[in-house]
Ligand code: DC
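The data below hold one chain only, encoded as structure tokens and taken in the form predicted on its own.
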Amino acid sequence: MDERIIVAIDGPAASGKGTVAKKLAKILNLPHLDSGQLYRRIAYQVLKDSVNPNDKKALIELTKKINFENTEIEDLRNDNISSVASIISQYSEVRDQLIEYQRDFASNGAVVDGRDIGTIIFPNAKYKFYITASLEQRAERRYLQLKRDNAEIDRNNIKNDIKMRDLRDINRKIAALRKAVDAIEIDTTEMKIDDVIDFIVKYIHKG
């Protein structure tokens, strides 16, 4: 297999794309990048430095100073960080800086997951997959994931949050979530992760 191949994996929140991407990267011996973590990394710094996320100029300058290689940071998936990351992702200037970082990261091949990987970041990627699942199944997965740290968490709230996130991602003006025309769609509602991985690996080796 060509070590320089790029595998682009897109999909909505809690579809399983991140888990699939991580495992796939290990199997293919390629580096993995979760593009969503880049925005959450900025959001973390915004909150830490008390920067107004609606101040575009300050946000752009802050982004230029961030070391995205720094992985020794607390959990980036809490609600506050996610909310700020959602605001940040709407700025084209910030996205342009991250596009450059992502393309440099994958210059020698990588598995990259996000919401605009196959459409904007790597439109010429050899392998593109769109991982999705029903809203109910995605909400249940996120509920089970978060319940480990918060026994009081509510299923309906999670479902509503994911539904609203879908609407924002699909309808935003910049880099909206959509399936690339040449991407293979995989509905994981009734599938196990290992079955999804098996399908993708066979598809790539066949290709």
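Worth saying up front: this structure is predicted, and the values here are computed from it rather than measured. Numbering starts at 1 and follows the sequence shown.
This next part talks about the form predicted together with the ligand, which is not shown.
Enquirer: Of Ala106, Ala85, Ala133, Ala125, which residue is found within 4.5 angstroms of the ligand in the predicted complex when only non-hydrogen atoms are counted?
Expert: Contact check passes for Ala85.
Enquirer: Just one of 45 to 53, 164 to 172, 60 to 68, 144 to 152 has heavy atoms within 4.5 Å of the ligand in the predicted complex; which?
Expert: Comparing against the ligand in the predicted complex, the contact stretch is 164 to 172.
Enquirer: Is His32 one of the residues lying within 4.5 Å of the ligand in the predicted complex, judged by heavy atom distances?
Expert: No.
Enquirer: For a quick check, can you give me the residues of 109 to 128 that have a heavy atom within 4.5 Å of the ligand in the predicted complex?
Expert: Contacts from 109 to 128: Gly114, Arg115, Asp116, Ile117.
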